[in-house]
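Okay, so here's just one chain, in structure tokens, the form predicted alone.
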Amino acid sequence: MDVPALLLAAGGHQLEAAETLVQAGRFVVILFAARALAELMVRLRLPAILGELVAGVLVGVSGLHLILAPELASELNAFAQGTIAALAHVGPDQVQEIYDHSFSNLQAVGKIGLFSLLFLTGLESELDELMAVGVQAITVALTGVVLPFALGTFGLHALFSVPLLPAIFAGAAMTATSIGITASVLGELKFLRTRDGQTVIGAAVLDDILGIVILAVVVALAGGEGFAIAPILKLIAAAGVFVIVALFLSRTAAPGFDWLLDRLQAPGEVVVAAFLVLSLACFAAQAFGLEAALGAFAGGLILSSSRHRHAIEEAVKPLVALFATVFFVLIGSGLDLAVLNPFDAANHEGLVMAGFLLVAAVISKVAAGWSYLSQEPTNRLAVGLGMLPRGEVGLIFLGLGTQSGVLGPSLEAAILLMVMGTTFLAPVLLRLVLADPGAAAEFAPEAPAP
């Protein structure tokens, strides 16, 4: 081999080493920062997801510049850039180029986390419990979706002159209710198995279904042109039919899935079979012109009646813990909190917008607690506060809105503050309202008459 060929081979090896260092270094930064902050939040009795978000802010464009999307047009942290360049024996400019070029791989990992999280959300939906408190849960859910969506969308459009599509995205993000956070807090306070607790959980399940249907429509609109009524109605009908079919399959297809799973013997059969259903549901959603996120949620719904549901949950949860962490850190890393600097006059409108969203988000969900009729004593404030946290579901809305390019920096930060504010407030307020956990009797759905 001649000298130029040797040099070329050496150069290729150096670039490959630099790419490995960049990709491994990103995961080290993300996982270390996310776990450290998540541990802190858990010790403060707050949701771990908030730690992952804060970690993203600290290492992203608002912090250390260690995790940066190429579209942010920001330079990688100079110390990290120089360290990788020295270790791989390449130039700092080459490190930046490699970083930008390979960032799509990290985004793909984050998308796997998003779909896995939505799949797990659908899988954990207790449809039988929803039926037991059906009318009350449906009323609370409809109010908890319509009211925040209307307040957020029309408030932003009328008061702040936000264009209609970004305003709809913000309104859609306000419809969410985090089942995981609500169930965790209510369970800790011994309120989960009460009638009111079951109403909250049932309504939260419906909130997710309705909210993700709205999201599927809004994301599809973001990629189209204008607000023609016919395409919107077509999308809504397609999304509704898709969810109905998923609910039907949860009762009819799950036994077939169980039969197949019982006959598989190769290691990892549970998680592979579950991800096959997830992938097929995402494929079907995209084939019908819907957002793949709706397909991921529907895939979970289909398997929610499986005899192997708990085994599937145990197999999928570690993957969610790993990949969804990347998704949430990426959301935080792209948020430029400089737009919330109160000393910059240009930011004042964005700060007022954030305050408006937070107040509207609290009022609209709490009002849902007074939207149903009940012949028995009920803690309406607890029901409303149980619907309050937007949590990971609200962040999914924000993440998709950011990826679509519809949201501006001020609105992104305002939605993030609304999600974080409601997620922080809910556990604290519920603990105050339910200070006496023994005040509510446990509820079990009545057995059918013989």
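When you see a residue number, it is the position in the sequence shown, counting from 1. What you are looking at is a predicted structure, and each value in this text was computed from that prediction instead of being measured.
Beyond what is shown, the protein has a form predicted in complex with another copy of the chain; the following relates to that form.
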Of 282 to 290, 371 to 379, 135 to 143, 247 to 255, the segment with heavy atoms within 4.5 Å of another copy of the chain in the predicted complex is residues 282 to 290
Contact check for L264, L276 and L322 against another copy of the chain in the predicted complex, heavy atom at 4.5 Å: yes
Checklist entry - Hey, in the predicted complex, is P342 touching another copy of the chain, heavy atoms inside 4.5 Å? => result no
### Message
Please determine whether V271 contacts another copy of the chain in the predicted complex, using a 4.5 Å cut-off between heavy atoms.
### Response
yes
*asked:* Since only the chain is shown here, I'm wondering whether L58 would be in contact with another copy of the chain in the predicted complex (any heavy atom pair within 4.5 Å).
replied: no
Using heavy atoms and a 4.5 Å limit, would one call V383 a contact residue for another copy of the chain in the predicted complex? no
Applying a 4.5 angstroms cut-off on non-hydrogen atoms, the residues of 47 to 64 near another copy of the chain in the predicted complex are A48
